[in-house]
Structure formats: C-alpha cells, structure tokens
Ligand code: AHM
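Only one chain is included here, represented as structure tokens and corresponding to the form predicted alone.
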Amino acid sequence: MKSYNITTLDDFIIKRQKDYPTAKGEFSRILHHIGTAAKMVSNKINRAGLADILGAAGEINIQGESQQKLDIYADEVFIGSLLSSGECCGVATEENQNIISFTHEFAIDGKYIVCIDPLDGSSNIDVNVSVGTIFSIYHRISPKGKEPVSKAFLQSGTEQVAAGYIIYGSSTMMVYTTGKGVNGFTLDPSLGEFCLSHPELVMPDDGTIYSINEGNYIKFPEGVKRYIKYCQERDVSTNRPYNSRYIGSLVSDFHRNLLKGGIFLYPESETYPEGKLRLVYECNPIAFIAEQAGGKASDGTRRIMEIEPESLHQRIPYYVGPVKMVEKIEEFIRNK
C-alpha cells in the first residue's frame, strides 16, 4: 500500500518552534490563528456567488477606495482571530484609519503586533479573479500590560518576525517566511487543513515575465517607459521579448512570478505621484518573502525593507522580483 507523508501547517509550525526558543509557542499560535481565519475567508469567497457577499458595501475606506462586502468580512475575521490568539496585542489593517488595540485581559500582554491587508484585489471577486491576504508580524515595543504604541506599527521591514500571504484562487495557498526560507501550503478541502505543498520556495535568478498595468504607460516616469520598451525588444541572448502578464492583484501577480520568474512593477505615476501600494501592509511583507526566496524588492533606488515608514498608510513605488530584473529597472531609473 502506498503511504502518504502529509505535513500540515500546524505540524510544520510545531516542528519549526525550535528555531525560536524564546517564543515558547506564542508565535506558533498567531500563525495558527491566521491559518484558521484564512480558511473562513476562503470558504466565504468560494461561496460568494451564492451568498449576499458580492459587490460594494457602500463605504469608502481610508485609502479612498470603495469597500467591498468581502473586504469588511475579511477584516472582521482576521481581527477576531488574532484577538482570539491571545498573543497579539494590536492590529493595523488597510481598512482602518487607526491601529486597533486589544485591551482585553487575555490579549494586552501579547508579544506581537500584526499589520495586514485582509483582502488584496477584492474588486476582482465579482469577475472570479484570484485575490489574497497579506500579513506581517512584529514584536511589540511597548511594555506588557500597556496598549501598543503607534511606533510599533512603523518599524522598518527588517524588523519583521514573519510575513506571508494567502492566495484564494483555483486552490487556496498560504505562503510564509519566518526568516528561514519560504514555504507554501495548499488547503485540502477534504481535510480542512493547509498541507505543505511547496517546500523551500526559491525564486529563479532571472525571469521572462514583466507585470505592470501598461494601460497607464503614458503616465509613467521616463525610466519606467524605457524599461518596458526594453522588455519588449527582441534579444535572444537575454530571452527577450519578455511575456507581459498582469492580473491586477499584488498577491496573484507576485505568486506567479515567484514560481515562474518575473518582475512586478507599480511605479509612481501622474495619478499616484508617491506610488499606490502601501509600504506597511503590502510592500514590506512581500519584500521579506522575496528576499527569503532569493529575490529583491526596491522602490527604484532603495531596498524596501530599509525604508523607515512615516505613516501607517504610506504609499511608495514598488519593484519586486529576481535580483537581475530588479537591478535592471533600477539601472533604467538611475539613467533617466
């Protein structure tokens, strides 16, 4: 009889606890609760067309964007699950203007804070396109028993304890890093468990995919325009022209490029002079994963994880992918 060696997310987390002797299980519980919330959101997304959960909620979030019903649902589920872990003393989410402090007796001593984009690309759900969740975990910097301070949520990306994303597509996957490589887990609906499916993920050294909204080409800086033309030019020695692939969801585009080899670009533009993606909720966690997988993330001139956040909802230009591809776009930006 053929035997199957299945490693669940919880099994994997427990095995890796020895890598963090000072955590004593608290860190593992947060990851477990994020996984539980992801299962709930995945189930709701899969049933979205059958329930009154599609469409706009009639609210505008702090980003000035129309909130979808699923945005609100995902936000509530992840906040509730992190509170229930008892190890998280506060959360910052893309959907809320201010940080959310957990003053409950069982949570106020939590050692960690979490920054999260509960549902990245939610406007795609109505047309059945994959979306995702992005999260990062930091140590608290305020004394135990005190409410978390805003400064804790403005730590540079180099201070991340863990980061990850969940992609809700043809299957639901959770990919995360704790600074010791990147691993991916696929949700098995029959078991109701995330199972290790992509161990030790490594991004290719180079790639042949570029992901950017070319519809905004005329609004891009000159260096970015020249890089797009470079991607489209024929050169057999560098495998060009590259393939243009753009979904419009950071998680979806990055996940494909992580596996296949490609660069994701969201530059500043006339519409978004500071860039559109959020440093705290989106750029830092994806940058951590990219670097742990052998890639690179930049704002065009600086390493993303070394940028000191100035505000909770700060936006920046973003380039992430294989080292060679990111260094090439940096070269074009420098020589504008």
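All values derive from a computational prediction rather than experimental measurement. Throughout, we count residues from 1 along the sequence that is shown.
One more form of this protein should be noted, the form predicted in complex with the ligand, which is absent from this view; the next part is about it.
- Contact annotation: of the candidates 213, 84, 101, 197, the single residue with a non-hydrogen atom within 4.5 angstroms of the ligand in the predicted complex is 213.
- Out of the listed residues 249, 133, 178, 257, 249 is the one that sits within 4.5 Å of the ligand in the predicted complex by at least one heavy atom.
- Proximity of 299, 307 and 319 to the ligand in the predicted complex is absent: no residue of the three has a non-hydrogen atom within 4.5 angstroms.
- Across the options 150-158, 234-242, 259-267, 181-189, residues that bring heavy atoms within 4.5 Å of the ligand in the predicted complex belong to 259-267.
- Taking the partner from the other structure, the ligand in the predicted complex has no heavy atom within 4.5 Å of any heavy atom of residue 32.
- In the predicted complex, at least one heavy atom of residue 121 sits within 4.5 Å of a heavy atom of the ligand.
- In the predicted complex, residue 277 approaches the ligand with a heavy atom inside 4.5 Å.
- In the predicted complex, at least one heavy atom of residue 94 sits within 4.5 Å of the ligand.
- Contacts between 102-118 and the ligand, taken as any heavy atom within 4.5 Å in the predicted complex, involve only 117.
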